[in-house]
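Shown next as structure tokens: one chain only, the form predicted on its own.
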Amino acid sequence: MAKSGGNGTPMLDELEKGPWPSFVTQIKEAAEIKEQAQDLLKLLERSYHEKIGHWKHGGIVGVLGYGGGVIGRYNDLQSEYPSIAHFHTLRVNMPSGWFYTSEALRTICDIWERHGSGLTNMHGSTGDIILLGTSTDELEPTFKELTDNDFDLGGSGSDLRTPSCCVGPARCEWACYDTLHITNDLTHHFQDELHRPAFPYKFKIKCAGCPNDCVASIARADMSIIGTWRDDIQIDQKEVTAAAKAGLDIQKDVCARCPTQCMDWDGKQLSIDNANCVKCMHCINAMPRALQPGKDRGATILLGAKAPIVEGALLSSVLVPFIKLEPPYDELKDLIERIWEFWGEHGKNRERVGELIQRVGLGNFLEAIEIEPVPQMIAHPRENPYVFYDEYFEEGDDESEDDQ
């Protein structure tokens, strides 16, 4: 087992205790055959003792023709830990929905054993296959083997990050559009934006098949594509009755927890005021046999989520309340390109789209991307009850100014 000096790795050992899998255990296993993993353990132990991170950016590294996909990592104690003097990370574009064959996984691991530390992260927060730790000289050979086996690098830096999605219709009955197909299509269509950074900052697209949002797009993606429906929820009254007989308190656990109180249960019949339904999915999750999404399905497009880096964290807000998503997705692609054009012209360095909208105002942004404002875009009602708006009449209307 790898050791740090004569005392082992006592601080790292603490992270192996408890019921959950530990990254320390995995690094120790790799350290039995990889010198990089041995030095990594020693450096991590030292960092924990000194309370100092010994990693730094030492310049831009990458593969020929690409500006993204490789994150440069160097340590500042290279003479003491020579095998991880360079410890670059590669992001590899994952298949939509993270569906692999065993052969594909073995291929990835074999390539990484030959050229890197053998350590992986399946998957990073963007969704990519993360290959942790290799030297500059090994980047091009790794890239060649990956592309020879039909894998490509993902996004990094100020570009389109690797689009990701939930498992969608492949395994989920609630999917309101084909998340797998659209993610694959957008990935291929926007290859240049994915590989060659030209934006003010990063742009993430995440596709969730239904409002359960299993990829957490609403909190992490600059553009969230969340499946929804615009007709009535499908109700099987026999299954509603069966759920009640099985012990479900429909009034307490379903109707009373509806955020808009649009449901009613009289003990025999469940009714839904669909005009006031906000598609939260709570009732469907509670009674999956009795309720299903409507048949007229599509997606809501939201914009602007981000983590707190330059400014505070943002959740995405509605941009398009409903859109039908069918190949070749031209309407969606055109919208994305209009957003990028305005952002590219007016965005500041390291300014995400959500921060741009806050700075220039939603009205100006919508006008620039040629989207009409609708009530669903309002994040919350106005807070000042003393602000009033006079009705506006075009010249020639019958009403006089005195009548306004």
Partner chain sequence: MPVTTEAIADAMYAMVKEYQGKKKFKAGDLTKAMKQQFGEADADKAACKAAIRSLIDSGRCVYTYFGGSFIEIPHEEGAASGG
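Remember, it's a predicted structure, so these values are computed and weren't measured experimentally. Numbering follows the first chain given and starts at 1.
The protein also exists as the form predicted together with the partner chain; that form is not presented, and the subsequent description refers to it.
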Would you check, heavy atoms only and a 4.5 Å threshold, whether His86 touches the partner chain in the predicted bound form? yes
So, in the predicted bound form, is Asp152 in contact with the partner chain at a 4.5 angstroms heavy atom limit? no
Touches the partner chain in the predicted bound form: Asp192 (any heavy atom, 4.5 Å): yes
Can you check whether Ile371 is within 4.5 Å of the partner chain in the predicted bound form, heavy atom basis? no
For the chain shown here without its partner, which stretch in 353 to 361, 28 to 36, 45 to 53, 339 to 347 has non-hydrogen atoms within 4.5 angstroms of the partner chain in the predicted bound form? 339 to 347
Please tell me which of Lys324, Arg257, Arg196, His123 lies within 4.5 Å of the partner chain in the predicted bound form, judged by heavy atoms. Arg196
Heavy atom within 4.5 Å of the partner chain in the predicted bound form - the one residue of Pro141, Gly157, Pro95, Pro169 that qualifies: Gly157
Can you tell me which residues in 200 to 219 come within 4.5 angstroms of the partner chain in the predicted bound form, by heavy atoms? Pro200, Tyr201
